[in-house]
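Presented below, as C-alpha cells, is a lone chain in the form predicted alone.
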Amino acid sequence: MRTTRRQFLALSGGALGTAALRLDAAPALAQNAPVKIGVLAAKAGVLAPVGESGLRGVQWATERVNAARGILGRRIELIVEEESSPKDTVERFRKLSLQDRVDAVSGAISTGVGLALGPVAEEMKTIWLSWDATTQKGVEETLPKPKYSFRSTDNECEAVMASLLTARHLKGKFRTVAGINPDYSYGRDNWAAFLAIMKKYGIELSVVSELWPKLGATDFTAHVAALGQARPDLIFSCFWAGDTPIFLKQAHAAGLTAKSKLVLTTGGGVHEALKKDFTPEGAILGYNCLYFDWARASALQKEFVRWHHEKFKEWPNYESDHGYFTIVAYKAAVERAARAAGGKWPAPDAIIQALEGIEAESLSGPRRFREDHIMEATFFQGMTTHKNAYDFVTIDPVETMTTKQIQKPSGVGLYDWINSWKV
C-alpha cells in the first residue's frame, strides 16, 4: 500500500508519542489541559495574615512544580476563592467543584468552616486538602472515616506541646491560672487540654478566671480588667491571629505582662506583630509547624524564607507550610497512583488511596498524611527572647516535637490518651 507523506508523519508522530509515554510514564503529556486546583484563602479580618501566608505557600509550591514540568507533564492552574463564613465558603467550594471542575481544593483555616466543608466534600466527591480547618467538633471527629476530606493536625496539638513545656519549665512557679481563649471549639479544646495535662502532671493550681472573647475581637479592655482583678500567676491563651498582639498591647499597658507568666500556644502565627516593647521575655510561644529563624532548617525552608522576605518584606508563618504541603502531597500522590496504573493518569479514587500514608518534603521537613487522612508534622515552640536582630520577639532555645508525641493516635480519645501517659 502506498503511504502518503501526511500519513507517514501521522503514524511516526503517534509512534514517537507512544515511546515517549512509555519512557516518561505520563500519558497526560498528550493532554494540554492543566491540573486545576481550587484554593480557599482567608483575605479579610484577623484571619487575613494567616490566610495570605497559606496562599503564598501554595503559590510558591505551584511555581516550583510547574517549573519542573508540572504533574506528569500537566501544569497546575490555581483558581482562588475567599474563605469567609461557613455558608459562603461552602458555596464557593461548590462553585469550584461544579463550575470550575477542579481536580482538588486546597485551603481553609477556620474550624467552623471545616466542619461545614467536610460533609460537602464527601457529597461533591471532591478531594479537599485542608490547611488548618479540621472536621473535629470539641475533641471528637465528626467524619471518622472520610474519603475525600484530608485535614490538618488536631486542634489541640499546640496546647499539648505548650502544656508539656509548661510542666517542664514553669512547674512550681505558679499556683493560680487564668485562661483567655476565643469562644469556639478551638479555644475551648485547647484550654481543656491544658487543664487535663496539668492535672496529669500533678500540678496543683487554682483557676481564677476563664474568659471567652469572640473570634475576631479587637477590644479586650474588659477582659484585661478582669485579669487584673484575678491576678493570676500564669495566663494561658491560644489566640492565633491578629487578636494576639492586640491583647498583648492592652495587657502590657495594664501591667499584666510584668506580673503574670504567659503561655501563648500559637501566637507565633503573627510573630512580626509581637514587638519587644509589649511582648515580654520568658513567655512560652508556639509557632505551629514552621519557625522562620530555625538554625537547623532545610535548604528548602531557607530558600522559601529568603524568597518570601525578598518579595513581601515579611518573614513567613506556619500557614505557608500547610499550604505548600497540600500541593506537593497531591503531586506525589498522583505520581504514585500513575506508577501503579502503568503510567496512565489516575482516577480520583486511586489518587485518594495514594494520598493515604503519603509523605513529602515540606518547608519544615518531612510531612505525612496518616491513613485516617490526618496530617503529621513537627511543631516549634520555646521561650521568648529579646536577644535577636529583629524588633519583635523570637524563641531560644527552639524546641521541637512531632505529632507522634503531641497528637492522639488514630481511633483514641484525647483524654483517654492523656490518661494513658506515664509521667
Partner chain sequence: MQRILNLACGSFYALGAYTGVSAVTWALGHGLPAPLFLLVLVASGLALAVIGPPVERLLRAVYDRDESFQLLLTFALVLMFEDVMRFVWGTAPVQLGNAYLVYGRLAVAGSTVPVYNLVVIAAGGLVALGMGGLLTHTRFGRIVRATAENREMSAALGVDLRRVYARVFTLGVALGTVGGALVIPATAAVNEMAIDVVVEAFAVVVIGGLGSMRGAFVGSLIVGVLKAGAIATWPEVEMLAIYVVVIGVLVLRPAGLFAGAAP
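Positions refer to the first chain, counted from 1. Just so it is clear, the model here is predicted, and its values are computed rather than measured.
Absent from the display: the form predicted in complex with its partner chain. The rest refers to it.
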**Proximity to its partner chain in the model of the complex (heavy atom, within 4.5 Å), stretch among 118 to 126, 245 to 253, 153 to 161, 349 to 357** = 245 to 253
**Complete:** If we test each of Arg168, Lys95, Arg231, His309 for a heavy atom within 4.5 Å of its partner chain in the model of the complex, the one that passes is Arg231
**Message:** By the heavy atom within 4.5 Å rule, which residue out of Thr218, Ser206, Ser298, Ser85 makes contact with its partner chain in the model of the complex?
**Reply:** Thr218
**Request:** Give a yes or no on whether every one of Lys36, Gly38 and Met375 sits within 4.5 angstroms of its partner chain in the model of the complex by heavy atom.
**Result:** no
**Asked** Would Trp212 count as touching its partner chain in the model of the complex under a 4.5 Å heavy atom rule?
**Response** yes
**Prompt:** Heavy atom to heavy atom, is Phe278 within 4.5 Å of its partner chain in the model of the complex?
**Reply:** yes
**Asked** Might Pro366 be said to contact its partner chain in the model of the complex, defining contact as any heavy atom within 4.5 Å?
**Response** no
**Prompt:** Quick one: does Lys200 come within 4.5 Å of its partner chain in the model of the complex, counting heavy atoms only?
**Reply:** no
**Complete:** Checked 88 to 113 against its partner chain in the model of the complex; residues with a heavy atom within 4.5 Å, sequence order, are none
